[in-house]
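Single chain ahead, written as structure tokens, the form predicted on its own.
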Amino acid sequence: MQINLINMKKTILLLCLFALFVSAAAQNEQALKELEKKSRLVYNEGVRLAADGKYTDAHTKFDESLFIQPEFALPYIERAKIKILNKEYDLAVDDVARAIAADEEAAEAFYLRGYLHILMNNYQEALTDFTRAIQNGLSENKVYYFRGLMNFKLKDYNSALIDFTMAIDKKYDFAYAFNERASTKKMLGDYHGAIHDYNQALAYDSTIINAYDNRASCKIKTGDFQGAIDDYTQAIKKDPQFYIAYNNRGNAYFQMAEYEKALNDFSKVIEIKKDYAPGYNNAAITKIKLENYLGAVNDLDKAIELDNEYGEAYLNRGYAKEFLGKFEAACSDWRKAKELGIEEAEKYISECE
């Protein structure tokens, strides 16, 4: 009987200890919940401040939230966004890494890290992170758009086409996605499809100047030279310093055998961009067509001065020198062009021997 009484006392003591343990655990859990709640409230204040453009105050709130709950991923993500705005990219990278360490399913953290990789020209790493963001549930148009850009950079044009289409499906008036999808179709040789998408891009945003330039190059591929001229002209009206549009319009005029107009455009290219070697080369080949061989040699001298590895310029200078009766100098230029990989120079070198 005595033994049973002792056992009973031990059981009661154990039950009391267990009850105290459960009570303490419950109190700890409740305390943790209170901390989480407080951290979340402070974080929400930071989000509101950031939305109002009060980034310094918002950053302070995110710091407070993390002081209360260091393993809370969202404040790290929002802090990283502010640091990106301030161009503090190294600090942003650190915050994103902390967010991912706190929550490996934080889709937006992977998106931000992908964006930071773009800024550092790490295209394959960016592609991987954008894919991870999508796998973790981020389905906004921007993540497909940026992944499309990375696929384009890495020359996976079919994947880029899918991504830009996904971005457009999620935002029907996404002008830049139309523009990039058009460029992707252009790379795939679908010039009519590209023209359609450039039309859409410009319908939604007429300020995308390179869309005029790119649409023009597609029109040339389809034989619509006048349409191309019109587009290049529109691009130049939008930006009178857009020397690439002048250069491309000059090429279009050259193909149409309108050499005076071509030369005017190439001269404008040189005026705007004095260190653009192709501008001098293009002006020179137009002058050759106009039988101004000395002027062509002068332009090609400048092109080679700017880029002494410019094989095409050596080839063309050889033409001009040949017309001027400088055969040995012409042969020397053609040999140099061949050294630089210009296969066309071979047939002219054979005349030198």
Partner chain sequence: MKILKPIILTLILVTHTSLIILAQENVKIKKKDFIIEYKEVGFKDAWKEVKAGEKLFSAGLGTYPKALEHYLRAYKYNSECAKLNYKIGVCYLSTNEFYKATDFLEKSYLKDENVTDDIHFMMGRAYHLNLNFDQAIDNYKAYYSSFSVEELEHLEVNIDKYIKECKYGKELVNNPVRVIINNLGSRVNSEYDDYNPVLHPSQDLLYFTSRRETDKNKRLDIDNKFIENVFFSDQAGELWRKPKLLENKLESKNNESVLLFSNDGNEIYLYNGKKNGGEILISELKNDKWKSPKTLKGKVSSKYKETTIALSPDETEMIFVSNQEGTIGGMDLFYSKLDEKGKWAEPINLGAAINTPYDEEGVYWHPKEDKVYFSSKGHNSMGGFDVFVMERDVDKMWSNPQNLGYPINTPNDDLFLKMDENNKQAYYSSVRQNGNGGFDLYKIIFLGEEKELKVTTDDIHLAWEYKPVDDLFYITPQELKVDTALFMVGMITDSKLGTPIQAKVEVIDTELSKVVATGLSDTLGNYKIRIPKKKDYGVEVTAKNYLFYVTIVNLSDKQVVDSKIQANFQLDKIDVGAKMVLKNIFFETNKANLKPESTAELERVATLLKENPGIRLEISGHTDNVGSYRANQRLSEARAKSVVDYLINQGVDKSRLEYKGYSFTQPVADNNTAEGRAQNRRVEFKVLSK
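Note that this is a predicted model, so its numbers are computed, not measured. Residue numbers count along the first chain shown, from 1.
Keep in mind that the form predicted together with its partner chain is not shown, yet the notes after this line are about it.
Each of Ile118, Phe152 and Lys326 is positioned with at least one heavy atom within 4.5 Å of its partner chain in the predicted bound form. Residue contact check for Leu66: none of its heavy atoms lie within 4.5 Å of its partner chain in the predicted bound form. In the predicted bound form, its partner chain sits beyond 4.5 Å of every heavy atom of Gly193. Interface residue remark: Tyr204 is not counted as part of the site for its partner chain in the predicted bound form, having no heavy atom within 4.5 Å. Although the partner is absent here, Val47 sits close enough that one of its heavy atoms falls within 4.5 Å of its partner chain in the predicted bound form. In summary, among the residues Lys219, Arg98, Lys268, Lys186, the only one with a non-hydrogen atom within 4.5 Å of its partner chain in the predicted bound form is Lys186. Among the residues Val93, Ile84, Ile272, Ile162, the one placing a heavy atom within 4.5 Å of its partner chain in the predicted bound form is Ile84.
With contact defined as any non-hydrogen atom lying within 4.5 angstroms of its partner chain in the predicted bound form, Asp239 is the only contacting residue in 225 to 239.
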